[in-house]
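One chain comes next, on its own, written out as structure tokens in the form predicted on its own.
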């Protein structure tokens, strides 16, 4: 093991807000030069590189203090780490050479060396990002930008050694903080990689994950929804006995998910890169779709090119209830999720646009079959402007393989939120109200209705929430005679005041 050169930094404890502010400030290097949708990958990858470098150095220094006269023993101890860091691939090796040409090429080589040394965890993670790309400008501009980026991450505020930041969650939370902030500035592209934290928290809680559960997100984005489920098991049962599975179609976003899992210490995961509808990769030993206890997703809304052409011949029979419309893939993802629920414990939560609730033709027929098979459990209407990149309101559908009854609970939560300038937010009280209503499974005036299958059939299997939850509030009748009396009293009072004012003016000599 070669000793890495790092500045000797104080190990004072640091808050989550301090780390968040420091990583966000590091983005200043790119602002005004590169679009956020591009530079987010560079900043998030650099955070990853800085973290693994600091942790590796921290552990190396500790081993050296204990076994300084036995370098071979130090090397053996380092083999037991969660990852291997080649000396030449350290952040500090790159930082030391920052003033010389070739920063982009050196960083790329370092990342690939880290990947090669940790293939079981990081295979292909860095193949979709290049710090040597012309996206960062010509060679001189690129070298300057990357020099500044290395200098930003070398500042004492971004010393990420375990002795300073403590819990691994601090780094994971900083990563999530960056992803959230990039989402808020990325417009429509944000929906490709991020679900608002309050929505993912709600979905995870409603799924009630338990130790031993296998949990899947077939459109996992950066992985935040999956990790919310895992965190609930760790915090509730103190157990890490669970497994996270995901698939993501966009290569750079898949890489974000892999790094996100790593930074949160979620080693028991399998995240695949590929199109879930055209090429599902989460299969069992017999090459059939793998089944899960929990399936959660925030799929792309009404995806136009979802794979209609091959749906009729789908070898997994996911579309036996019907083939979704050519230009709207919402039910393609729903049907995929239904097919991957375990027969006994299977349950799922999916975010959908409201059109899924009432559109007719093929979607209407699919919806009818899901209801008649008693799979649909709860329909929750959410407020507008919750999701990045779209102002339209969405709904969350809960489906279960085994329900306690044959009814469907409708919840209109569209009016409970905290208004924001660009995005509205679900408050903790709003989340708890939804959870309590789902748990009680009882009608609540102007908020929730428990509908029978007969009622839904009467509505032609239209699930539009206002058909079931009457939010009309009768206005208090107006007493017109009382209003007339009050008006006459006010007129009389006005006449009295005008007479009094005339008298005062007369006393002052004004006629």
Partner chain sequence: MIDANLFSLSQTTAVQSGYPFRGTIEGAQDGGVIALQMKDVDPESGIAWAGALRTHLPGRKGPSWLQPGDLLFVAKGARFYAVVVDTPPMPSVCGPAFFHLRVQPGVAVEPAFLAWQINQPPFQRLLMQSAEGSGQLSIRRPVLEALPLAVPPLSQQHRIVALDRAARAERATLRRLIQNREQQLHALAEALSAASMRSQQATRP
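In this text, all values refer to a predicted model and were calculated from it rather than measured experimentally. By rigid core we mean the largest C-alpha set that fits within 1.5 Å across both forms. Positions refer to the first chain, counted from 1.
What comes next is about the form predicted in complex with its partner chain, which is not displayed.
The stretch from 443-451, 482-490, 61-69, 27-35 that comes within 4.5 Å of its partner chain in the model of the complex, counting heavy atoms only, is 482-490. Of the heavy atoms in residue 500, some are within 4.5 Å of its partner chain in the model of the complex.
In a rigid-core overlay of the protein, residue 454 has its C-alpha displaced by under 2 Å between the shown form and the other one. For residue 28, the Cα coordinates differ by under 2 angstroms between the shown form and the other one after the core has been superposed. Comparing the forms between the shown form and the other one on their rigid core, the Cα displacement of residue 65 stays under 2 Å.
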